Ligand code: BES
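Next comes just one chain, in structure tokens: the form predicted on its own.
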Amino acid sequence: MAQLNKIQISSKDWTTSKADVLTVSMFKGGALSSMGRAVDRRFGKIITKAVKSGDFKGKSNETLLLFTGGSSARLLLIGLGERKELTVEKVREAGGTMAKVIQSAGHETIASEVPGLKKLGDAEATQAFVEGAVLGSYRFLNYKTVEKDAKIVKSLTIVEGGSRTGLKRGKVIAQAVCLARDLAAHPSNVATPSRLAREARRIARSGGMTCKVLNRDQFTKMGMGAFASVARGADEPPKFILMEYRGGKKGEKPFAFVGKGITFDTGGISIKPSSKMDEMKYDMCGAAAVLGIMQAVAGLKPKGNIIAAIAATENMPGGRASKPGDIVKAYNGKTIEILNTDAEGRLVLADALSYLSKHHTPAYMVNFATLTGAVIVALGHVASAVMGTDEKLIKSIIKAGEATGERAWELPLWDEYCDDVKSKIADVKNLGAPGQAGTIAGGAFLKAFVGDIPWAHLDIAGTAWWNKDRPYVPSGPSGVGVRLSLELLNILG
């Protein structure tokens, strides 16, 4: 969870602060803000001396923790890199770096300026800095017994400028990302489909939304044969979750988000190798992102109508599980030949997308899914793959990804790829051409279930989790998709 929950802007001078650590940022070459220059003067040119001695150069995310002399107070210097290269993302990284360094040093309270206010603007810079600070403080300690008393960062006071609007937005969004991280980090015996449904109901109550949860019998009887086929082998009850937020005009088409919610993926009958199968608890990161988006919507209350759908189940090799070669009928009536039960995410999404397309005709529809390992081969852990049917939507997603640091890169959905998922004995099959364009094949399959709705598919298998620490993203689940989607709503709103 986010450890940093108390964030405020103070109108008092920074010299009155009682925080454990005072934070000042510096550009490469020694350029300081007016507050930074005042801090340097007050503490005997402590920053100037550090720069002259070569201890601190101001490189991006470089840090130096100093004693201010005569007391227990500390001064943390954070590097911003070249002034001309300052971006919102670098400010976000600075916030994350600050929180991680101070928390690791065992301190609990911070007083800080917001970097980049003059260049980026109060609201934008404050939002990014707060996002970074909250996300950088994240630690998942729910199952630890020996670290429960570890010191954590508890409060951040902005003591030089800042925007209350930016603070609120940054805090709400970052806490929503932390929810998505938590849901993904929980083991599959905790983060079950029923748990996801409870979270959806909680969010709906807090945000004045409606929430409908359908059980196995209900969604099977409705005609969701693809979803039901994946859930057949699981004793854990599957859930189809539908949330609606009405912040726009009555009758206005909603923006739709859809999440793949495979809470544990064994591969089914086409079982996966045992090595790293524990990571398959992360196969519900698309659902976690959608729940994070809706939590942020509950807090920010944007204008516009928003709908979210999650198809949640385990994929298990039970006695009733679907088998390679089975044929099932999706909600939109199309038949699917199942050639590999480990290509199950596209099956549950097929019914969710079909349902929203038929009953809600969204203005735009975006789905998030840890769909293919092939996307890691193509893009590594740096970017999500995006493909879809609407050029404006895809370009907006890429733009939102650049603004939030959650990059996306477009892959084509040409007719040749769509031909590869056509079946000889059914309408479509859940595999493409053998050994070719695996990520695109997943998108081509999903395209058959969206009708005429402007739609985009994001394959987040490479970005949803990683074993590398970054300035505001710890090793483990990232919560990717939440911040990108909220920025996307701004762009298309």
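Source: prediction; values computed, not measured. Residues carry their position along the shown sequence, with the first being 1.
One more form of this protein exists, namely the form predicted in complex with the named molecule; it is left out here, but the text below deals with it.
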Within 4.5 Å of the named molecule in the model of the complex, heavy atom basis, the matching stretch of 276 to 284, 324 to 332, 233 to 241, 352 to 360 is 276 to 284
Counting only non-hydrogen atoms and a 4.5 angstroms cut-off, does G161 reach the named molecule in the model of the complex? no
Item checked: A437, heavy atom within 4.5 angstroms of the named molecule in the model of the complex -> no
| request: Would you check, heavy atoms only and a 4.5 Å threshold, whether I376 touches the named molecule in the model of the complex? | output: yes
Proximity of R198 to the named molecule in the model of the complex, heavy atoms at 4.5 Å:
no
Checking R246, K168, K272, K154 against the named molecule in the model of the complex, the residue with a non-hydrogen atom inside 4.5 angstroms turns out to be K272
If we test each of A461, A456, M26, I47 for a heavy atom within 4.5 Å of the named molecule in the model of the complex, the one that passes is A461
Restricting to 426 to 457, the residues within 4.5 Å of the named molecule in the model of the complex through any heavy atom are L431
